[in-house]
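What follows is one chain in structure tokens, specifically the form predicted alone.
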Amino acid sequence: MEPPENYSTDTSFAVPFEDAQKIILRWDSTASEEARERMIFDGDRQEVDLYLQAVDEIQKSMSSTSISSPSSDHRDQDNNDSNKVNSAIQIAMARLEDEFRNILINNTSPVEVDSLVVSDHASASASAASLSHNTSSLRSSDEFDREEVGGGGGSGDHGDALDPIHRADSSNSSASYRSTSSIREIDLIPQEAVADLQSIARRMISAGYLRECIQVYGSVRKSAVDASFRRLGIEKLSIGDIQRLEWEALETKIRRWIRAAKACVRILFASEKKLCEEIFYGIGTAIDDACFVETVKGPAIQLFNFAEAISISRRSPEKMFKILDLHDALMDLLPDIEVVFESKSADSIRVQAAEILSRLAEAARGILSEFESAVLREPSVVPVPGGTIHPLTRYVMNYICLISDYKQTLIDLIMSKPSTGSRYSGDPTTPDMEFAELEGKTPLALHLIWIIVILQFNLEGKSKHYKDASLAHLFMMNNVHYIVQKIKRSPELREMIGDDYLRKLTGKFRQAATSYQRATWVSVLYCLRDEGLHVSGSFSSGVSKSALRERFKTFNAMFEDVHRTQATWLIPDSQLREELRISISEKLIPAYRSFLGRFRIHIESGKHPENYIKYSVEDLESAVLDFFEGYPVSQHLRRRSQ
């Protein structure tokens, strides 16, 4: 399009009203095919400046015509002029709205996933303890899996060369950084386009078209945020949809959500806020806040609805650690949420985040309490074969070891002591636990000790289902020893439990081992006593051969029975197994050697001595090695012959 006739393109001069009106009408897309097909801001900059000057002149004329003249003739003239100005301003604003939308759309491109990665360097202000905890328990939450976020490629471990975190840190050096905190702003739109948007917005708002400006801005930018959400793997799911998902599927979504939430709050939402402030700078804080909230409120609610659904879902022990992951992530994000959503118009988002955090904390406390109750009431009564470690023991100890990994979080969340039994309560269904013996421990430590107490209480109940008392003692020894070893291998758990209580537990499994030996070997060793073998007042050797033969037969039968039975029992810990064998040998072998040395001659001088002295000392030493391997004697013999 050519400029109006006799009109100078020198932008230092104001545009006369008549020329301004012609310029506005020439770009009326409702009246001109050429105006519909072309965009002013896509063309020559002089043409852009010319149009903006025309708009300014029309707006100035609108202000001057609003002052009415007292005479009737002047009033008629003013009304005519006012109608022309109003018509021109409506056409101009419609045009500027189209231009505003076009500039936004043309300069909005999907944000690369790498640009949305929250780098570890951006969180350098976090405490060393917090970083250590996140590294151990939330490692997957700090690394992007390109397949999960829709970037293609496979899953699994990646080297530094393929790690999006490292690539994001080393690339895009021109990105805008305003804050030294974990917030990292990037330029979503080139600065030249921002300047044009600002010039349009100022004129639209000045003419009273604030609502239209905000609506256009919000609709375009909201679409851009939605596109970034899709690239981050954030799905549009209602709270009901989320609660109907299987927990295994939710675990993956929680890991993805933690990564996405960091990127959304610290980069995406922060950058949207920065863009609003730039475009509407100087026009009014309330306006840029309104545009920002219009853009991100829906996506923010969508983002936080996921965490809210988890926080109010049905509680169960397996959910504890993902809920704590969510809690830690949201707690870490809360200061940034306060900064990004600081305006009054965004207070509902801040409140929602704080309420979700509170509900996640309450869910964690509730799950711990329900876990304690589940351990106490776990109903299985079928004895585990061979007196080995019960699945409940493994599950509970692995669970509380994981709890200890979240020590820093849970120490803050668990503020009350467990509801325990007392030695004075007289309740046979609940064990005793006196807090006076555990003075100075945190409520979390008391809860962990209480879980171990109720686990032992449950195991003692299960041990009563063994018909063999020796096996019941072996079962308790195995299980309490496993508890002790798990505590020793976890520095965090050991620190909270304390060495005093650990010594108490060690004493319990040693007592169980002693009780096993008494129940099994006292009767066997009783066969090797001298009492009842000597005949007083006789001219013979003083030994009753018939009683001696019966004694050897009884010993052989009892040892064979113990050997056959206890070879199938199992002590999984090799060191404990060896220690118990040594303890058995230290009692059995010297007693048998001494008995055999004193009485062998009396058996060998009679008929068929092999029927009574069936085992040498070496045979017994070898047989003891078969104990607690967990399979029948015949297989032991086969294994020794191979």
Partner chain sequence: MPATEHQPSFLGRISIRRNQVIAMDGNHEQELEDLELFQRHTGDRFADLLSPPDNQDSPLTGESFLSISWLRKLVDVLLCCEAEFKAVLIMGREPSQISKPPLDRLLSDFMERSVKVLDICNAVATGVDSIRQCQKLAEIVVSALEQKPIGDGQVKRARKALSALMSALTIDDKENNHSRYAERTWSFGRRGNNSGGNHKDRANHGSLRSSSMVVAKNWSAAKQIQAMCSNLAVPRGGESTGLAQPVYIMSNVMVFVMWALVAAIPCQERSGLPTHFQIPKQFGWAHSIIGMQEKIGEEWKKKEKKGSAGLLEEMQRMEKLGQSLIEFADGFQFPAEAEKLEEVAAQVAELAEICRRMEEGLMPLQQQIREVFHRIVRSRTEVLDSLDNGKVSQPIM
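The model shown is predicted, which means the values in this text are computed figures rather than measured ones. Residue numbers count along the first chain shown, from 1.
A second form of this protein, the form predicted in complex with its partner chain, is not displayed here; the remarks below concern that form.
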Counting any heavy atom within 4.5 Å as contact, can you tell me which stretch out of 507-515, 389-397, 553-561, 475-483 lines its partner chain in the predicted complex? 389-397
Of 412, 192, 241, 432, the one that lies within 4.5 Å of its partner chain in the predicted complex (heavy atoms): 241
If we test each of 46, 30, 611, 575 for a heavy atom within 4.5 Å of its partner chain in the predicted complex, the one that passes is 30
In the predicted complex, does each of 494, 585 and 621 have a heavy atom within 4.5 Å of its partner chain? no
Please tell me whether any heavy atom belonging to residue 231 falls inside 4.5 Å of a heavy atom of its partner chain, as the geometry stands in the predicted complex. no
Hey, in the predicted complex, is residue 342 touching its partner chain, heavy atoms inside 4.5 Å? no
Should residue 416 be classed as touching its partner chain in the predicted complex when contacts are defined as heavy atoms within 4.5 Å? yes
Please check if residue 298 has a heavy atom lying within 4.5 Å of any heavy atom of its partner chain in the predicted complex. yes
Residues of stretch 355-394 in contact with its partner chain in the predicted complex (4.5 Å, non-hydrogen atom): 355, 359, 362, 365, 370, 371, 373, 374, 375, 377, 378, 379, 391, 392
